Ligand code: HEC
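Quick setup: one chain, the form predicted alone, written in structure tokens, and binding and motion questions come after.
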């Protein structure tokens, strides 16, 4: 009986501890590599605005939006024009078609 209580207590503690962790753990090294390979750093930075918004600002704008990952993925994969300093320029796309890597990058951006 004492063993059952101990196991129950341990399993409950484990569930409680895991509840605080992110369901979408990102592979930071791969996200950073894809970002560099795609030359995102020319216009974006994690903390400060450059020609484009910082990832911190992007994450804040998309916070609590249920479709945030999908919107970021669309932004990363569909060519479009964006306005920079009053001028329209082509926004590049990520240099992969691997859906898992793209989703990882989107989640990484949103986790900033």
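Since the structure is predicted, the reported quantities are computational estimates derived from the model, not experimental observations. Residue numbers count along the first chain shown, from 1.
This protein has a second form, the form predicted together with ligand HEC, left out of what is shown; the following refers to that one.
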Query raised in the report: Heavy atoms within 4.5 Å of ligand HEC in the predicted bound form: does residue 38 have any?
Result: yes
Query raised in the report: Does any heavy atom of residue 70 come within 4.5 Å of a heavy atom of ligand HEC in the predicted bound form?
Result: no
Report task. Determine whether any heavy atom of residue 25 comes within 4.5 Å of a heavy atom of ligand HEC in the predicted bound form, and answer yes or no. Result -> no
Report task. Using a 4.5 Å heavy atom cut-off, state whether residue 64 contacts ligand HEC in the predicted bound form. Result -> no
Query - Contacts with ligand HEC in the predicted bound form, stretch 98 to 112 (heavy atom within 4.5 Å) - result: 105, 109
